[in-house]
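In the form predicted alone, a lone chain appears below as structure tokens.
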């Protein structure tokens, strides 16, 4: 029997998990208890953990195949492709390319055809004030819409655009161009059914360009309305970081925002892993598969579809 304790920390979502040391190998019982709590609370906070990158990666592997970040030319960990540096510190003597990462409401890697189902983020250094992360429950955002709006959204697909990542224009131009090449436009349903819970969640955020078959002008008012609606305080949990917090969240049913309300001269340094999710997307222009070098995902999808028809 697992010895962990799960304590809710927010009404809409969020729970703190204690009674587990992530520096130690995790038992099957604890892994199942964590998974059950994750599905129930969407975000789990593991306080006061003292772990190495290898231990964070080992923990993450319990919950899915890890993204090797082929679509990310920015700030991979020098020793682990499965890990990214989310930091405002110098990286290899140069300004960090992720110092303003996540500063618009988004779902991790939604601009790929196999977006992250989950993310872990471990806090090594934090500003004295600010630098929180906000999370919004997209189950509730969808479930509290009117019947008519839900029916309308159930038939829509969104075009996710990597160029809408916040402050992308402030990153290294060559790396930014490569990032855009690696991540052509991708289509996802506007509403997703979570494979672990069966609940439906809104899958629209500030990185959606338009709805398929609709112009940007027609789409914009709807996208803006949904993005504003989804982040009402009643749907949101605010995580105030402490040193050695590790958090784990479910990208299939929430959206999040890194708040840039801190002194940029103070360090904010974190390590991130992502677990690959289900193939729910497709390229807007199939020809992009030949040149985009998120190509590994495109190739994997082609193989999966081929096998399905054998």
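Since the structure is predicted, the reported quantities are computational estimates derived from the model, not experimental observations. Residue numbers count along the first chain shown, from 1.
Here the subject shifts to the form predicted in complex with a small molecule, a form of this protein not shown in this document.
The stretch that touches the small molecule in the predicted bound form, counting heavy atoms within 4.5 Å, is 264 to 272, out of 278 to 286, 38 to 46, 52 to 60, 264 to 272. Taking the partner from the other structure, the small molecule in the predicted bound form has a heavy atom within 4.5 Å of a heavy atom of residue 258.
Taking the partner from the other structure, the small molecule in the predicted bound form has no heavy atom within 4.5 Å of any heavy atom of residue 97. Using a 4.5 Å cutoff between non-hydrogen atoms, residue 108 counts as a contact of the small molecule in the predicted bound form.
Taking the partner from the other structure, the small molecule in the predicted bound form has a heavy atom within 4.5 Å of a heavy atom of residue 86. In terms of contact with the small molecule in the predicted bound form, the residue from 75, 133, 219, 183 that brings a heavy atom within 4.5 Å is 133. Put simply, of 121, 190, 231, 162 only one has a heavy atom within 4.5 Å of the small molecule in the predicted bound form, and it is 121.
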